[in-house]
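First, one chain by itself in structure tokens, the form predicted alone.
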């Protein structure tokens, strides 16, 4: 049996489906009641309370931590300890490329600490470190629907963003593998926000205007969704990526035997969100 946390999100949902289709017994975990694929069992648990997560009978655990589990006083290490105590043999942790490229941010310090705990746990393990997600373009969906406009900072700065469906497929492979290690996950090419707007326009078959925000304008909008420190951190990456943050990793192709999906692929599957 494989337990998938964060099972209703843009990684957990396709991961749960992929595992079930591969014939695995799957328990999908989320904080609230949710629909899951046929044959999948659902469990309600709050990961901020590790005791609420029932891992009895599980051989593997996919661990995806929500933002509040990086806060002061959170106890994500107890989730790894609980997994070991309940007989789980393998844990696959969703981490972040920034653990290597920008190791001193608060969130990444916490993630790196959790990676180290996992390495030293005696369990089999894999760590997935994706870069930026293609699905972050959904932040623009309302403006595209109502104004046919994408508004974003750093319009001509390119990053190799990844389709969450590829992360899910790599996670499914890692959960069923016995190999330990770190996988860095990116898309197949770098793409700018301006080029993303063009891809959305192509999928819609209609023009989409690109409006470049200043950093201050972008931060003001982001602070409605996240703390200011995290907004600044994100904007640093978007505006001044390091050479490692613009590098295309071979790991998705090595695991899946195919190239990662492009942003245009992602847009074609989600075009209805922008209509």
Ligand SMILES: NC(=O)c1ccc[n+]([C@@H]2O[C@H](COP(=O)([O-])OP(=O)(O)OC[C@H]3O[C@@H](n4cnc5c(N)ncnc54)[C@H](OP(=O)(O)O)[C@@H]3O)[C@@H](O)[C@H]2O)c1
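In this text the structure is predicted, and so the values were computed from the model without any measurement. Positions refer to the first chain, counted from 1.
Keep in mind that the form predicted together with the ligand is not shown, yet the notes after this line are about it.
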| item | value |
| --- | --- |
| The ligand contact at residue 188 in the predicted complex, heavy atom, 4.5 Å | no |
| Exercise: residue 267 in contact with the ligand in the predicted complex, heavy atom 4.5 Å | no |
| Interface membership of residue 46, the ligand in the predicted complex, 4.5 Å heavy atom rule | yes |
| Contact test in the predicted complex: residue 130 vs the ligand, heavy atoms, 4.5 Å | yes |
| Region of this chain that lies against the ligand in the predicted complex, out of 114-122, 93-101, 198-206, 146-154 [heavy atom, 4.5 Å] | 93-101 |
| Heavy atom within 4.5 Å of the ligand in the predicted complex - residue from 36, 222, 64, 58 | 64 |
